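Okay, so we've got the same protein chain twice, two forms, each given alone as structure tokens, structure 1 and structure 2.
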Structure 1
């Protein structure tokens, strides 16, 4: 017996066509480098995305060719998100915060043929130009300045289209885009997404118990469009037809708050670094901005301290904790409270909201320790392993990394977690960041979260440093808030009621800033190198 259902491929053009036909009047707003606002409609976006697709084909793009983008978050990047795959190409977003040598390596490894670059990023292109073999470079003239000789103006490039574009034939497993990991351990590694994985990821992302995006929302992704494809949000937003707002290169707290208020944003997304800047600006001038009550602030990239969630609640803003990876397209879990937890005591609710959350539909999770799969008891630690229809099954042209996948097909994330009886995942640490002291494990993330709840602490990073007796002990690197004071003794006393004595850091350093990766995470490897020769008294 066979089903009587159509064999209907899941491909990106369905999302683009839906947007063009149903949501033509909806606005897309972008902040440009000079802080002016560019506004146009979905109808304009649809027309221009198809023009880009046709122009690329006329320029010689063949199915499967990689087209790199070196761009901030704005309307032209959204056109590339859809226009490149519509032409049969593979969208390859380049992380503009990486060192030029890493960007050049990624371009060459991916074998990019074309590049679309913002005019404000031409200096970065010039730095990689001698080391790459890109055939054609198209420049988006955001500032209105003339495009340098030898390069093509994006607007002129679109004008080469005649309007007679037709989609090539797609298989849902054809590649649609690729993104490289940030390379915190070794060289960056490429993940290739398919039409099918992108469509399924968009559907799951929009679910009410996931990110809950609908046509009635106004979305502003602060997360860069070059970081795990802005967590897939441009695809999800276009699918549901909500208003989209893009901040360009202006990511400081005041600029974002101004845009939130001006455009009546209901959902935004970014890493904790961004939200720390927002909460500081709100705390200084709590009555200055009139934000949408209940605005959802999706936080990912690294753990959100419970203190941050509580702080935003006081302003009527909802922090929604999520977790994912480039290898997962990237959404893996979202921490929304189950119905049976809504009436739990307040402190218990906050504990759940600070966890990474429940697996999204179609994503399966398990924690695996030395004795096999860990029970879901909220205590037993194990490495988080995942599988699902938008989880990578390997890296692009990198067979030596095959050990990241188990023999039975699960991806080894490198995160150490426990999973409780309700199914909530809580990350204790990255495997490389756990602290083993006297044969027992200490979670640096738990210590950091507690330290950042101290009123004088702006940021805290905890690392393991060698110890002659205990093998490793925690060192806490602290950044204090402007004008605030706190001693090592005071911070240690603050932690004492919350942790066993042997968990408490015995070493504290006070810094002006904590080094970060290109995606805003703490660069703990640099701290470990800096303090590995710590002299214990």
Structure 2
């Protein structure tokens, strides 16, 4: 017997068409670099996303071609989120916080054909330009300044469309976008999302027990659109038809609070570092801001400390702790209290809310330790493994990382967790040798290799240590060669040309030897324990 239900593909154009038909009057607001506000409606967004799709096809885009974006969070980026896949292209969001040499590597690895870039980021484009082969560069004129000669103005590019666009035929497993994430060994790795994975992820993340996003909400994603697709929120928001507010490049506490108040924001999302800025601004002038009562702050990317959840509660704002990964589109778990925990003592409720949470529908989790699958007892640790319809099954054009997947088809997250009897996942540690600072990754290995190429350095181990603002910062443990000399300042200057500024360690220690495991590897856990209480200036 067969089902009698249609075989209806899950594709992004469905979400775009629905938004265009149903939510034409809903507003999309963006803060521009000069701090002024750009406002338009879903009707404008819909028209322009299709114009972009048509213009791209006219420019020769073929199905599966990659179109890169180097952009902040704003309306034109949203147009790219939908317009590029509508044309059959693959949206490739470039992380503008990376060093130009890494961006160039990623562009070349993904074989990006086109690039859409904000005019305020042209300097960054100039730095990668000599190292990449991009056929066509389109510049979004956010400042109103003329676009430099030889480059194409995004507004003129859209005008090449005649309004006669028709979608190519899609399979739901066709690609829509790709994001690169940091590798612990070697270069960044690309994840390619499909129409199907994106639609299913949007549905699951909008659910009441996930982010609970509805047409009545006003959403402001602080999380960058170049990091894991701003956690998929532009897709989810467009699917439900809520008002969308984008902060452009202004991510400080005051600018965000001003937008929250002005636009009556009900849900916002970002990494803990951003929320510390908000807590500071709120604590300084507690009565200044008139925010929507119960505004939800989705916190992810790094752990939301319990103290942060308590602090926001005092201001009448609700922290919603979530965990995810670029490899997971990215949503994996959300920490909402189950019905039976609503009446638990206050301290217990906070303990649960500070956990990473319950897996969303369609995501399966298990913790696997040395003795196999860990019991769900809230104690036994194991590596978190996941599977589901929006979890990556491999990286783009990369064989080396195949061990990230188990032989029975689970993705190994590199996060070490326990799972309790209620099913809440709690991250205790991670096996990935990386540092997450302000929501973005720093590679310990890259810093170590660069430090070890300094003539005075015999050995270098770089570890993550806690930092009150950035969550983690790198600490470099250095063993100098006999008779050689080098100061922390000197080593920092040595690293400077090779790395983005925020990668450079401020903390250095000089040791006689670096502790090692029996197999001769650096024993980083010992170093981490030793320097956990680092006194930041």
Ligand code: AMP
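Please read all numbers here as calculations on a predicted model, not as lab measurements. Positions refer to the first chain, counted from 1. Just so we're on the same page, rigid core means the largest C-alpha set that superposes within 1.5 Å between forms.
K.L.:
Given structures 1 and 2, which represents the form predicted alone?
P.N.:
Structure 1, not 2.
K.L.:
Would you say whether residue 46 is displaced between the two structures, judging by a C-alpha shift of 2 Å or more on the superposed rigid core?
P.N.:
Result for residue 46: no, shift under 2 Å.
K.L.:
Determine whether the C-alpha of residue 446 shifts by 2 Å or more between the two structures once the rigid core is superposed.
P.N.:
Comparing the forms between the two structures, which are aligned on their rigid core, residue 446 does shift its C-alpha by 2 Å or more.
K.L.:
Can you give me the hinge-style rotation of the smaller rigid part versus the larger one between the two structures, in degrees?
P.N.:
147 degrees is the angle the smaller part turns through.
K.L.:
Can you read me the CA shift for residue 531 between the two structures, rigid core superposed, in Å?
P.N.:
Comparing the two forms, residue 531 shifts 6.9 Å at C-alpha.
K.L.:
Give the C-alpha shift of residue 519 between the two structures, in Å, after superposing the two forms on their rigid core.
P.N.:
Residue shift at the C-alpha: 32.8 Å.
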